[in-house]
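In the block that follows, a single chain appears as structure tokens, in the form predicted on its own.
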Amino acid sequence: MTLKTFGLDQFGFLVFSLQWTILLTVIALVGGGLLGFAVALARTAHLKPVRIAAATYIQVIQGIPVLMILFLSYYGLSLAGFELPPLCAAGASMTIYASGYLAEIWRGCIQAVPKQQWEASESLAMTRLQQYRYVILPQAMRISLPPTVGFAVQVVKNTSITSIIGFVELARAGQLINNATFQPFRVFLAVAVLYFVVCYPLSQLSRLLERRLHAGSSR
């Protein structure tokens, strides 16, 4: 039996699979961002039942491991007669996971806007929608940039669990190459380097935004 060695072809396959990791991250952040934004607004609504429903959603999502959400999306729906491709199941589960955390991040950022801003906009006879559009959300968005970028790093790393359902992203590609080469140190070192190449710039961007925005608010 002849074993393959870890070379440029195998590394190229890892780089190709990294594209799927990035795609899944984008799906999670875009889909989770849209859903999370709606939940964040519901979390700050005037109506108490709406706030309770949004808070319950956030607590449930944050209280369940993302792996369980993935299993429910892939295996649970298949038992109910809905066969989802691995990409759809992975995208749906990561979207739900991201929405629960982004909703809480953005809820905190909305409530971090000084109360005087709300009062000033009310004195101008603005509607609730106008308050959000012209006064609250622009300031909340500025506050939310560092933690949102920081959370994106967690999403990138958590995409690795989708390998369990057979979705071939970076971690799964590393497993496949290791099964063919039996060189785990080289293979997973290369996988770790590729994750680092993606995550480290995001981490630095988050810190940079935090410093600049904090300095701007201090002035």
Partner chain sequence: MTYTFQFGVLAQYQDQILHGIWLTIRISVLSIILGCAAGILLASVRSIWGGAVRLLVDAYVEIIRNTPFLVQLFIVYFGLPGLGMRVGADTAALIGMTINLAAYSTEIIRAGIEAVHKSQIEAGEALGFTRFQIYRHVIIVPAIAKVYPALCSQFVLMMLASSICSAISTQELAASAAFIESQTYRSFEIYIAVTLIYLALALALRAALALVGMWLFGRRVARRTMAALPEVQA
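Positions refer to the first chain, counted from 1. Owing to the predicted nature of the structure, the values given are computational and were not obtained by experimental measurement.
Here the subject shifts to the form predicted together with the partner chain, a form of this protein not shown in this document.
When you look in the predicted bound form, the only residue of 41, 35, 67, 53 with a non-hydrogen atom within 4.5 Å of the partner chain is 67. The partner chain is not shown here, but in the predicted bound form it comes within 4.5 Å of a heavy atom of residue 76. Although the partner is absent here, residue 25 lies well away from the partner chain in the predicted bound form, with no heavy atom inside 4.5 Å.
For the chain shown alone, residue 63 is a contact residue for the partner chain in the predicted bound form, at least one non-hydrogen atom being within 4.5 angstroms.
Although the partner is absent here, residue 16 sits far enough away that none of its heavy atoms falls within 4.5 Å of the partner chain in the predicted bound form. Scanning 96-117 for heavy atoms within 4.5 Å of the partner chain in the predicted bound form gives 101, 104, 105 in sequence order.
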